[in-house]
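What follows is one chain in structure tokens, specifically the form predicted alone.
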């Protein structure tokens, strides 16, 4: 079966895969697609519509009426009906909304089609939780990025402090949130978080950003060369 021209990067919440995927895309001059931003955005939108307990049909109907755009401009990562969600999706409580609504079949079907359409005309780096297993099972290069829950919780604290230095953040609470999110993602019925059989496991707990990027570039180029894919 022909390989899909996608570098898939999966991993748990807070593993740093978004930053790594973006750095890799920048280094190789490829399109970066942050699928987590899409689930977070739809989590906010659907929650505004009070659809947490809505049927799949109701959710599908709501999604059908949305105009979602990914990177419509250089300054906007994602928008819906003209509203910029770039900053809104980074608020801490949105992780829970994304986890809740990502379990809805209508949401996953909607974003599966949307994500595949984005990758049709270009080689891209796409990150998420089921890219290498469900969205692009024939991706030519796959990574599963992880780190210890302590490291991921501290990264989240640092991210929140950078956004709001005056805020108070409880490390243990954030760590508990990270571990609870892992459990939900791994145990959900639809597209659970797991490492694809042909994905390279990369634990970044004790790696510098430079070491991670060098490894990603090395493996991606080797896979592309092996399959005659131009990067």
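Every value quoted in this text rests on a predicted model; they were computed, and no experiment measured them. Positions refer to the first chain, counted from 1.
Although it is not shown, the form predicted together with 2'-deoxycytidine-5'-monophosphate is what the next lines describe.
Student: Does any part of residue 99 reach within 4.5 Å of 2'-deoxycytidine-5'-monophosphate in the predicted bound form? Heavy atoms only, please.
Tutor: Output for residue 99 is yes: heavy atoms within 4.5 Å of 2'-deoxycytidine-5'-monophosphate.
Student: Though only this chain appears here, would residue 175 touch 2'-deoxycytidine-5'-monophosphate in the predicted bound form if you measure heavy atom gaps against 4.5 Å?
Tutor: Heavy-atom contact with 2'-deoxycytidine-5'-monophosphate at 4.5 Å: absent for residue 175.
Student: Under a 4.5 Å heavy atom criterion, is residue 131 part of the interface with 2'-deoxycytidine-5'-monophosphate in the predicted bound form?
Tutor: Because a heavy atom of residue 131 falls inside 4.5 Å of 2'-deoxycytidine-5'-monophosphate in the predicted bound form, the answer is yes.
Student: Given that the partner is absent here, does residue 47 sit within 4.5 Å of 2'-deoxycytidine-5'-monophosphate in the predicted bound form, heavy atoms only?
Tutor: No, residue 47 is distant from the partner.
Student: Mind telling me which stretch in 153-161, 76-84, 91-99, 117-125 gets its heavy atoms within 4.5 Å of 2'-deoxycytidine-5'-monophosphate in the predicted bound form?
Tutor: Contact-bearing stretch, as computed: 91-99.
Student: State yes only if every one of 5, 22 and 137 has a non-hydrogen atom within 4.5 Å of 2'-deoxycytidine-5'-monophosphate in the predicted bound form; otherwise state no.
Tutor: Checking in the predicted bound form: none of 5, 22 and 137 is within 4.5 Å of 2'-deoxycytidine-5'-monophosphate.
Student: What are the residues of 105-124, in order along the chain, with a heavy atom within 4.5 Å of 2'-deoxycytidine-5'-monophosphate in the predicted bound form?
Tutor: Just 108.
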